[in-house]
Structure formats: C-alpha cells, structure tokens
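Encoded as structure tokens, the following chain is the form predicted on its own, with no partner shown.
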Amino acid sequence: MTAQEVRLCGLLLQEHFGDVVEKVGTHLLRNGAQHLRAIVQETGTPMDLVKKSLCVLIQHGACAFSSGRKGPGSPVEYQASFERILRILRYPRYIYTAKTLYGDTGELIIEELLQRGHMTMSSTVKTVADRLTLNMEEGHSMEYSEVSNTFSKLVETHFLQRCPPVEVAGKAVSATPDPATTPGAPANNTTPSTPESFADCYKVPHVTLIGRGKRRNSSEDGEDQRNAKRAKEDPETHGDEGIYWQVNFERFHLHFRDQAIISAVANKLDQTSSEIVRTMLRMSEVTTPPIATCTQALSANEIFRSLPPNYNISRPILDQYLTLLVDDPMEFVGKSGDSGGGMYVVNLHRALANLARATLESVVQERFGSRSARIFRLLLRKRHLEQKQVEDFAMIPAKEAKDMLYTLLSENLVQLQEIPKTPDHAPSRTFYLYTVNQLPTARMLLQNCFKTVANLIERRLFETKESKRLLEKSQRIEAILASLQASGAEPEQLTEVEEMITPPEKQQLESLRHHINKLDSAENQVDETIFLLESYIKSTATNKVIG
C-alpha cells in the first residue's frame, strides 16, 4: 500500500465517519493487523472510542477481525481493508447506476445499504417505503410489496448479496466489539468467509411484510434515535431476523466494465455494433466468471435471436457486423469457431488493455501535446525504437523529438533500454532503445489519480470550511422557510425571511456551490479513470496466473 492510498483512505474516513474513526483506520492501514490494546496504546485514544470506531469500520466491511496469529488464546486482531475504504469514492456511481436500472426505489435501497453497511430486508423495505411516501402527494403512499419486489430484483441480478455468517473461532471472538451486530466480518484464523462461499448468498427469504410507508413529520424525525432502542428491545418479527444484506461491489464493477466496453465500441464504430456487443455481454453475464479473460462462446444464431426486437437487423447484416468487429484492430470481439454460423466471444482482457492504453495516450496528449502523444503511440505500437527511428517514423525534427523523448523519460512514461554489442558497455557500441511498458505506466498513473482525488477532496473541505458561517446561515433560513410554508404562512412573511440573506451573500453562495459542484464532478471523472486502470491491472495479474 502506497502513501497516496493511505492519505486518500484517511480523507474518506474523516469525511464520512469523523476524526476518531479516521485515526484508528489510518493506524491499521499503516501498521497492519493489531490487537485492541496495541491500537489503544499507539493511537492514544480511549478504549471505548477505539471499540466504537472498530464497530463502525466492521459494520461497513472496512475492517475484519480474526484470531491472533500466536495461536489459541491470543488476542483478536483487527485489519483494515484499503480496497473497501476506497469504494466510498464510488458511492455516487453505485447509487446512480441503481437509479438508472431500477428507478427511485432501487436508488434508495442501495443508498440505505451504503450508508448503514448492512441491513435486514424488512428494515430496508420499511425505511425506503417511508422515504418514498414522504416525497409523494398527500394521501398517497408506497406499498411495502413494491419495494420488496425491487429488492428481490436487485438480489436476482446479484447487485445485493447476503453477508457471510460469522464463524465462531473458539473463545477469541468474545473479545470482539459486539459480534452480534457485525454479521459481515470473518472471525476465523484461516480463510475469511466470502459471500459466495455459502449456498444461500442470493436466496431471498420469505418476509411477512404487509402495509404501506408512513409519512413522518419533521417533529417525529428527532424521535427516531430514541425509538431505535425500543425497536431493538421489542422487535417485530418478519421472518428474516439475523439475515443481513450488503451491496455486491464486484457485480457493480462488472456492470461498469461492460458499459465501458459498449461505449468504446459505439465511439469507435457505431450504435448498432455496440448493441450487438451489449447483447453478447448480457447473454454471457451469468455464465462468465468474473476473472475470465473472455466471455463464453456464443453462436451467431443465438446472438441473432437475442437481439432487441426494435433493431431490425437481418441475418446477413449481422454477419457483416460480426466480421467487422472481429477484423477491427481493437479486437473487442474474437471468433473461436465456425459452428452455429460462427462462434464469437468478447475479449474482456484485450478490451480493458485497449481502454487503459487509450487513457494513457489521452494523459500524454493533455499534458505534453499532440506531438508527444504521437511519439508515445508510436512506441506503444513498435515496442522498441532508437531515437533516429522515432524521428523518422513520427516525422518530427530531431531536436524536438529529442526534447520530447527526454521529457517523457523524466516523467517515467517512456523507458530507455541499453543493448550493448560488447561486454564493456561502451556508448559507441551500445544500442539505446526507447520503449513503453504499459503495465508499470498504468500503475504510476493510478497513483497519480489517487493523489489527484485526495487534493480535490482537501480543496473541497477547505472551501466548505472557509464559508462555514454562511452555509450554516443559509441552512437555518431554509429550515425557517420550510417550517413557515408547512404552517401556511403569508407570502410577505416568506419574503421577509428570504431577505435575511443579502445579495452579496447570495452571490457568494452561488459561487461556492458552483466550485463545489465542479470539484465533485472532477472527483467522479478521476474515479472513472481509477476504475479503468484498476480493472486493467487486476485483469493482467489474473491473466498471468491463469496463463
């Protein structure tokens, strides 16, 4: 784990869970697995705050606990997961995807589960139904059954999964902070439980939940926390007690990967080609393992029958499109046989490699200009070239080509390989070849992306802190206006309250919101690059293991 990853994880923990959780989480990331007393001593944090922080991290899957490494009887050790903490950065994208696929109900289900780590189905359905009812017109409410159906669809498509059951490992687990409330954490000292390791991972329990969402007034919201303890002491039984659900991030990542491939095909060729690739990915999403380098082979006949009915493509036209996709230099689609009119696969690893390559080329072009990008693309294509060859092939004057190559070399985007003719490595008898190693360059760019996101978050927090007084004033006035509107106040009263914010303050607020929105948008865009590079690096590592 690098310093940039630790810094970004610390900022994400601080923003979402507070300073104490950030202190404990960062300490675990830097020092690895530690037992409770060591964490208390080294962080200088009171025992009860450390326990609460660990509970928060375990609740959200960002920390796992296991029996001590010294054998039976040794203290339970806690280890933070930086990969899970970095997923917080992608929360808006998960929520937006759920909204796109399953509407407002799916959006709120994913949002609730991300906010709380894990919940039972009945609790999630009630909370989401209440929130939807609150936004409906007076006299309308959301049926629990509608929310339950959307929840079941999310499980069927594997966007939600059951938390793995806690495996009790002797007396060691008794030292953990309230294991009854942490169903998603592994507690054995061998291999941690994973959701897919037990049969009921995607089995929806029979929940007896009848009714509608309740419309709560603002005065009732303050009583929620007081009523929470009563609900725990006297819970209603719905048939799913002890069955907790969490968001399946890997399934979302497969969806993001597929969408990136479809979008790349649409940009490179046309919409019809992308629809054919979309159909192939949809047909094989259940049968293709997540770590596969290509999808299961599909015959042209199967693809033709599965195309959307609104695409009136004849069979000969489909064959032409498939041939075009196979012959394309990007090699998104490959042909694996001739039976059934031809067997075709989507080359997932090759597609990710090409997307990562396009990202690297784009970065070079934006930072160093189109001529440097031409040299970079040339080295990617030709692998090894001498300086004179680079000048000739790129058609760039010698002095400019030399400067550009040295600039790229100083930024570690290009590497220099020496091939001596004689053992003495004399410069006059040595070939100097420029090359680009795509994988190390992608790793370096990934670290730069982590640094960029951390800088964006720090800037956003600074902007918010500088205008804290004005934001608090604006929120107070908005609350007063909402209260007056609910009580049926006259327009004169509302205007009088609105005038409490002066025109210069309004202008400052607008400017602040504009800056915050730009920073948020930049965070999401950088995260898309992070996802592509992470997927490519992971796919390359998996490909080497399989190979």
Partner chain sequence: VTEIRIYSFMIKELCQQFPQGITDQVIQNDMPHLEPQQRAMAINKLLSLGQLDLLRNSAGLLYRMKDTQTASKMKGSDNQEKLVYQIIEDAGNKGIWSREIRFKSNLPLTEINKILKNLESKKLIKAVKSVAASKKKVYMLYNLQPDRSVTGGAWYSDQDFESEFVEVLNQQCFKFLQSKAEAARDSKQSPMVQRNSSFATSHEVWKYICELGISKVDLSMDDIETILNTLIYDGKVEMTVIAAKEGTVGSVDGQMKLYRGVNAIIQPTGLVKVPCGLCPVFDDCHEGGEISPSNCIYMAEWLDF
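Positions refer to the first chain, counted from 1. All figures in this text were calculated on a predicted structure; none of them were measured in a lab.
Heads up, the form predicted in complex with its partner chain isn't pictured, but that's what we're talking about next.
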property	result
Which of 419-427, 329-337, 469-477, 284-292 lines the interface with its partner chain in the predicted bound form (heavy atom within 4.5 Å)	329-337
R84: touches its partner chain in the predicted bound form, heavy atom cutoff 4.5 angstroms	no
is_contact(F393, its partner chain) in the predicted bound form, heavy atom dist at most 4.5 Å	yes
Heavy atom of C449 within 4.5 Å of its partner chain in the predicted bound form	yes
Contact of K518 with its partner chain in the predicted bound form (heavy atom, 4.5 Å)	yes
Contact residue in the predicted bound form, chosen from N301, T323, S145, S74 - any heavy atom within 4.5 Å of its partner chain	T323
The unique member of S362, S306, T464, T100 whose heavy atoms fall within 4.5 Å of its partner chain in the predicted bound form	S362
Contact at I317, E458 and Q525 by its partner chain in the predicted bound form, all three, heavy atom at most 4.5 Å	yes
